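First, one chain by itself: the form predicted on its own, in structure tokens.
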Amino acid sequence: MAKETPEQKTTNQILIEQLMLNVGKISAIIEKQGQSIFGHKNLLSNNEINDYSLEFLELLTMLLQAGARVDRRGAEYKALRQFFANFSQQIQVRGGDMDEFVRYIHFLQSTFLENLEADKSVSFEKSREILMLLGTIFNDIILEVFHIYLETKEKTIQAQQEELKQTSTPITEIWEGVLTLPIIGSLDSSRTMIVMEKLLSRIESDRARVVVIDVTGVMAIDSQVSHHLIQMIRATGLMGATAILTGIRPEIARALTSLNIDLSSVTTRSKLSEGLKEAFRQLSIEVSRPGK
């Protein structure tokens, strides 16, 4: 049987042959460069880099053997994509970023191209086809991993924002029957609804009779949030407790008055300490220094 010439071979066959013939050399170069990219920050140990390099070469060979054309729906392509997705996530978990990962992908691509250039039996036309094949595979992988990275980043930011919303409104029982609610930072509609839900739950569980809501740390609110704030005060009243609003800044006062609603039933005080005095007065609680 006549032996195939390089021109009769497919690009996949040429790449597989080069991998088989130079696997030791390619693997050594990848491991060395991998240590240069990931080792200096201790993102990956040498053993991990070696394992990743060998696994990558194995998965790439399986992909090339699966058919003349890359099938993105095939199990081999999905396995290679998942490998890089897991790889990039591990780098990020250990404090690395996408720069290191993209550098590594570009390096893998250049390693194959340099190996291809050294093979004088491969024609220019075949080299161009191999270049396009490698470009397609690695560019798709970079895009895929980048999408996963953005999704993960977005979920992390959303989780942090949600956690911040939950923890930035500490409701404290300052005295039996008296709750304080200091609100700090931006107050938007979603956060206002969370605060109201938490406050009403605490009023019920603590059987609170007075709630001092301090907005000293709120820089500005819009008319919609002002409306929610008034709703929160009214809901507090429906729960059988009295709300005292303290620390109102001029911007918030203007926003509240722009609602054109009756605020005569809203008790306000300039400072939190004044609000607490009012709360104690309403509950007939007297606080005095020892000896007086």
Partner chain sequence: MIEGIHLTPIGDGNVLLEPGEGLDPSNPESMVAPVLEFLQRHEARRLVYDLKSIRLIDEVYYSWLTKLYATCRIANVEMVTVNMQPAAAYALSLTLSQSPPFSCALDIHSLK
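This is a predicted model, so every value here is computed, not measured. Residue numbers count along the first chain shown, from 1.
There is another form of the same protein, the form predicted together with its partner chain; it is not shown, and what comes next is about it.
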Inset, instruction - Can you check 89-97, 149-157, 117-125, 195-203 and let me know which stretch has heavy atoms within 4.5 Å of its partner chain in the predicted complex? - result: 195-203
Inset, instruction - Please run the contact check for residue 256 against its partner chain in the predicted complex: heavy atoms, 4.5 angstroms, yes or no? - result: no
Legend entry - is_contact(residue 231, its partner chain) in the predicted complex, heavy atom dist at most 4.5 Å: yes
Legend entry - Non-hydrogen atom contact residue 209 with its partner chain in the predicted complex at 4.5 angstroms: yes
Inset, instruction - Answer with yes or no whether residue 240 is in contact with its partner chain in the predicted complex, where contact means some heavy atom within 4.5 Å. - result: yes
Inset, instruction - Check each of 261, 235, 28, 57 and return the one that places a heavy atom within 4.5 angstroms of its partner chain in the predicted complex. - result: 235
